[in-house]
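Just the one chain here, the form predicted on its own, laid out as structure tokens.
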Amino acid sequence: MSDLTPYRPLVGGTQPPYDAGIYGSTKLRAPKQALVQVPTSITEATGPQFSESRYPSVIDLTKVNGGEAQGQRIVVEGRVLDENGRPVPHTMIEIWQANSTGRYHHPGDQHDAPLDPYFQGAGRVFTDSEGRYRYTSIKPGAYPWRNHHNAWRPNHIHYSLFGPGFGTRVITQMYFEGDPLLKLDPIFHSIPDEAARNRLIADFDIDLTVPEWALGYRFDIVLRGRDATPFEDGNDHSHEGH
């Protein structure tokens, strides 16, 4: 008898739609016609292969060019899991975020908040054999964007996870509990299901907190099934409104 558990489909309302009316730019990105299924060849199914030997980890985002970044240090740890709670090992996770003042180290970001010469806001980690990952960063600041009048994005960190093939990349965002901007954010609320939205909020963890140095947060990512983490539609939303 097989010990494999049947695939658990997504529950309706747990993923953002292509066109989320409250999130203005999705109206331009959303497909206007039915999607076309493109057959997958062996090339797309088996590559590229990402390894730490070819793509070195950058697990401490707080130290660049011989200096240390300004702001509240944080340690983030979590696991990447499949729909049955099993670890997904050796997954490459790219991380990017704004600095403590809410500005990205990117020419497209013209927000007048100051840049930090010792913080570039980008890192890369790989999960271990148990699906665990860990990195150190700075808690990002909120920033304005032009979705609507007086719009501000909550503190958040972007994640991009790469599987074994081109068709197995997913993008998501991690938020922080207690952020008052969450109740006003159109991107967060483009996910209809409240429980699914809340899976994007990292849990403060005193056991991960490093005394007199950094706050600890735990953020697990579930790739599919009923409890899947909400994912974006594949577009890079790191500079919304800029």
Partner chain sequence: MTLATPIATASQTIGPYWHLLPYKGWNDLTRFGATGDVITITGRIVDGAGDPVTDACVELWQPSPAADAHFDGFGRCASDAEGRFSFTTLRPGPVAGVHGAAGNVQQAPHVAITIMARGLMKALATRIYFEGDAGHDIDPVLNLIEDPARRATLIAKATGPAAYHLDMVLQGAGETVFFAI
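Because the structure is a prediction, the values reported are computed rather than measured. Positions refer to the first chain, counted from 1. C-alpha atoms forming the largest set that superposes within 1.5 Å between two forms make up the rigid core.
Unshown form predicted in complex with the partner chain; subsequent notes refer to it.
Among residues of the shown chain, Phe204 is not one whose heavy atoms approach the partner chain to within 4.5 Å in the model of the complex. The partner chain is not shown here, but in the model of the complex it comes within 4.5 Å of a heavy atom of Leu200. Using a 4.5 Å cutoff between non-hydrogen atoms, Gly67 does not count as a contact of the partner chain in the model of the complex. In the model of the complex, at least one heavy atom of Arg29 sits within 4.5 Å of a heavy atom of the partner chain. Using a 4.5 Å heavy atom cutoff, none of Phe176, Leu208 and Val210 lies near the partner chain in the model of the complex. Taking 2 Å as the criterion, Gly178 does not count as shifted between this form and the one not shown: its C-alpha moves by less than this amount when the rigid core is aligned. The rigid-core alignment places the CA of Ser51 less than 2 Å apart between this form and the one not shown.
Relative to the superposed core, Thr209 undergoes a Cα shift smaller than 2 Å between this form and the one not shown.
The pair Thr43 and Arg54 is at least 3 angstroms farther apart at the CA level in the model of the complex than in the present model. Relative to this form, the distance between the C-alpha atoms of Pro48 and Asp82 is reduced by at least 3 angstroms in the model of the complex.
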